[in-house]
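In the block that follows, a single chain appears as C-alpha cells, in the form predicted on its own.
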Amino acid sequence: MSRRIVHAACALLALGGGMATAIAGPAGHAASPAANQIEIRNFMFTPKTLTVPVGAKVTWINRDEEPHTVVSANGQFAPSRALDSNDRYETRFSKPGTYTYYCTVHPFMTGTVVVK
C-alpha cells in the first residue's frame, strides 16, 4: 500500500471516529445521499423519519429484491403501486403535518414524513 493511501485512510478514520460510510451509486461509485429520499432496504424504510419543508417532493426507492408499497396510514397521499427492485415512488407534500405510512405487503414496515 502506498504511503499516500495509508495517510488518507488514517485521516478518514481520525475525522470519522473510526466509522466511515459511503452509499454506492451506479457502477459502484460513491454517491452522496439524495435530499428527501427514503430507501427501502432490508425490510425497513431508511430514514424511518424524514423531516422536509412544505412543498418538498419525497422519493422512495426499493433496494430490496421483494416488492413493497408506500401507503399513507390515513389516506393523506396517494398510494404507490407495488415497487419492484430499484423502482421509485414520489409524492409532493404541500401541507404541514405528520404523515405516517407503511407497506401493505409487510405491515410491520412503517415510517413517517414530518412536513414543517
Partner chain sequence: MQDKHDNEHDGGGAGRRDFLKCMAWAGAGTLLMMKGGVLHARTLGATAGAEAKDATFSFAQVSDSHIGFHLAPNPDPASTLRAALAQVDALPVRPDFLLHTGDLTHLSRPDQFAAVAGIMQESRAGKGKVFYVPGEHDVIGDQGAEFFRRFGERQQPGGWYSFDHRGVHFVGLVNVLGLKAGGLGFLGAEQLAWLKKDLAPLSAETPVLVFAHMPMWSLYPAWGWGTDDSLEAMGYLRRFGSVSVLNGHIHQIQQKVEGNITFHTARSTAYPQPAPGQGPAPGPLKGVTPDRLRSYLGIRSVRHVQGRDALAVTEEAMA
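Positions refer to the first chain, counted from 1. Keep in mind the model is a prediction, meaning the values are calculated, not measured.
Quick note: we don't show the form predicted in complex with its partner chain, though the next part is all about it.
K.L.:
State yes or no: in the predicted bound form, is some non-hydrogen atom of Phe77 no more than 4.5 angstroms from a non-hydrogen atom of its partner chain?
P.N.:
Although its partner chain is absent here, Phe77 would stay clear of it in the predicted bound form, with no heavy atoms inside 4.5 Å.
K.L.:
Should Thr110 be counted as a contact of its partner chain in the predicted bound form, where contact means heavy atoms within 4.5 Å?
P.N.:
Contact with its partner chain, yes.
K.L.:
Could you tell me if Thr98 has a non-hydrogen atom within 4.5 Å of its partner chain in the predicted bound form?
P.N.:
Thr98: no contact with its partner chain in the predicted bound form.
K.L.:
So in the predicted bound form, does Ser85 come within 4.5 Å of its partner chain, heavy atom to heavy atom?
P.N.:
Result yes; Ser85 sits at the interface with its partner chain in the predicted bound form.
K.L.:
Checking a candidate spot here: are Glu39, Val54 and Tyr89 all in contact with its partner chain in the predicted bound form (at least one heavy atom each within 4.5 Å)?
P.N.:
Not a single listed residue reaches its partner chain in the predicted bound form, so no.
K.L.:
Even though the chain is shown alone, can you say which residues of 46-85 have a heavy atom within 4.5 Å of its partner chain in the predicted bound form?
P.N.:
Residues within 4.5 Å: Glu65, Glu66, Pro67, Thr69, Ala73, Ala82, Asp84, Ser85.
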